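We begin with a single chain expressed as C-alpha cells, specifically the form predicted on its own.
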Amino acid sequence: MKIYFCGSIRGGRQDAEIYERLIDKLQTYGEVLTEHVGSKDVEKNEIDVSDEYIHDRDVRWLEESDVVVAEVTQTSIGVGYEIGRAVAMGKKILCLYRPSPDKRLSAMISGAHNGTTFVVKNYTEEEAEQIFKDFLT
C-alpha cells in the first residue's frame, strides 16, 4: 500500500515530532511516500528546490497513492490543497484532528466526513494506532 501523509510545512512546524511518530506507525501498513513531512529539517532540505518541483512531485505522489492520511490540527493551505486534489482523484482520505479549546477544524474538512471514503477523526496520539488499523485494514 502506498500512503500519502499530509502535514503542515510552511504553515507551521509545531507538530513535526507528532508527524514523525504518526509516519512511523503508518509505515507498518505500507510505504509512506511523503515521510519527509516528519523531518525537522524538511524546509532546510528543500531550500534549493523550486516550488514548481515540489508541487509537481507531490501531485505525482498523490496520484500514485492508495490512501491519504492528513494531520489537520495545524492550519495549512497546502494540506487543504492536497486534500482537495485527493478528493478529485477519488482517493480514500483520513483526516486526524487533535481538538483544543482555542481552535476549530475547518467546516470544509469536518463537513466532508462521510464515514467511508472521507473519514475525519478527533484523536489523541495514543488512539492513532487503532484508528490506522480500522482505516487501513
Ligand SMILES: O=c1[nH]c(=O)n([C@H]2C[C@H](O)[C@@H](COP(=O)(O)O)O2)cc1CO
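Note that residue numbering begins at 1 and tracks the sequence as displayed. Quick caveat: nothing in here was measured; it's all calculated off a predicted structure.
Although not depicted, the form predicted in complex with the ligand is the subject of the following passage.
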query: For the chain shown here without its partner, which stretch in 91 to 99, 50 to 58, 107 to 115, 23 to 31 has non-hydrogen atoms within 4.5 angstroms of the ligand in the model of the complex?
result: 50 to 58
query: Might Ile9 be said to contact the ligand in the model of the complex, defining contact as any heavy atom within 4.5 Å?
result: yes
query: Any of the heavy atoms of Val67 lying within 4.5 Å of the ligand in the model of the complex?
result: no
message: With a cut-off of 4.5 Å between heavy atoms, is Arg85 one of the residues that contacts the ligand in the model of the complex?
response: no
message: Against the ligand in the model of the complex, would Thr73 count as a contact residue? Criterion: heavy atoms within 4.5 Å.
response: no
message: If you apply a 4.5 angstroms heavy atom cut-off, which residues in 71 to 94 are near the ligand in the model of the complex?
response: Ser76, Ile77, Gly78, Val79, Glu82
